[in-house]
Ligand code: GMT
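Presented as structure tokens, the chain that follows is alone, the form predicted alone.
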Amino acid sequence: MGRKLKIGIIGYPLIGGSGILASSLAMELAQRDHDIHFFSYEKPFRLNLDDSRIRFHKVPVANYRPFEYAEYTLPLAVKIAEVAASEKLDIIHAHYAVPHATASCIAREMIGGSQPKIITTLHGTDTTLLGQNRNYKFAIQHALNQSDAVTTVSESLRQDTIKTFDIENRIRVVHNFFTPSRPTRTQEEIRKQLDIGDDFVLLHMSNLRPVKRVDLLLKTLASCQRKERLKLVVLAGSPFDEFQSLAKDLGIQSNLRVVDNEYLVENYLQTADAGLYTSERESFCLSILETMFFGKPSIAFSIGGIPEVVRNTETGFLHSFEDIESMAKSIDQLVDDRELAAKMGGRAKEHACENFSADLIVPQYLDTYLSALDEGNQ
């Protein structure tokens, strides 16, 4: 058995790739006999606290009268400092530079000394959005340079980060991973619930943020020629109401099924025939990886880190951004040839298992932790 570590993980509890990855990593590390302390303002929905090696520390969000807006960074820093000092944490793994790595740096200054080591994982927003804002750029850059190691979830994001910030640290690419859970309901039950019969089912899972380009998602569906045999199921992490008028204008309401705040995504992944994703920016797209692990191909735009996940024409179809006509033709091709969809899905699952499993990725994070600790002891 290797060295047992005490690891603090900071992540968002939201439905999104970073929160899912942070929660999954916490559970995988606990299974490998490491002690985990998870920090957030709410418990992430996928974080299983049945394991005694995982402790959740809820961070209060300060909302005092002098503050016009709620303050999170300082309460988070205080909570990290308290736990790091009392538990003698070896590592703080911050998912996102702002506010998580920033708070970690403050916490370490409160404690004094060089422990715990700070590992910062960038998921995209720090670089692609906040890094373009001068009000945040230098704070992010400072947090990255104060970190003992920095990782990104794709080579594409690593390159963008190098271009955006003046970073002293070497940036390591550690891809996302996924560990599928068993479905709790049958495909027949889900199809009956959604009233989709034997239609070809496209699945889209996201928080519906503007970057996900739900407008292009719906327009792609409307451009398909096989709509009479096609349904789009949207697992929505936020209200879909603002898009209903567009769906009505496009005449696709009968082809659309929306499921709100569904955490048991495995039930729908097993039921789908393919995934459909139309983001304008993606550092990785964990939803595509989840789709692949259930043996389904995905249709997406060839942007950001997606080409590092999907092999075009082998495990899915990739198209130029906004080329919804070509995307619709790929969907029609799969609707007409379900055997092709199944074959591509099989290759997608094989590719996911070979390159993005927990057994492959988690040791890379552990190696990053140990390297930071060993460098600090030299």
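Residues carry their position along the shown sequence, with the first being 1. The model shown is predicted, which means the values in this text are computed figures rather than measured ones.
What comes next is about the form predicted in complex with the ligand, which does not appear here.
- Per the 4.5 Å heavy atom criterion, the ligand in the predicted bound form is contacted by stretch 121-129, the sole one of 217-225, 121-129, 103-111, 244-252.
- Comment: the ligand is not present in this chain, but in the predicted bound form one of R158, R213, R281, K231 has a heavy atom within 4.5 Å of it, namely R281.
- Just one of N207, Q270, T179, N145 comes within 4.5 Å of the ligand in the predicted bound form, counting any heavy atom, and that one is N207.
- For the chain shown alone, C285 is a contact residue for the ligand in the predicted bound form, at least one non-hydrogen atom being within 4.5 angstroms.
- Within 4.5 Å of some heavy atom of the ligand in the predicted bound form lies at least one heavy atom of S18.
- In the predicted bound form, Y96 approaches the ligand with a heavy atom inside 4.5 Å.
- The shortest heavy atom separation between A300 and the ligand in the predicted bound form exceeds 4.5 Å.
- Applying a 4.5 Å heavy atom cutoff to the ligand in the predicted bound form picks out V153 as the lone residue from 149-164.
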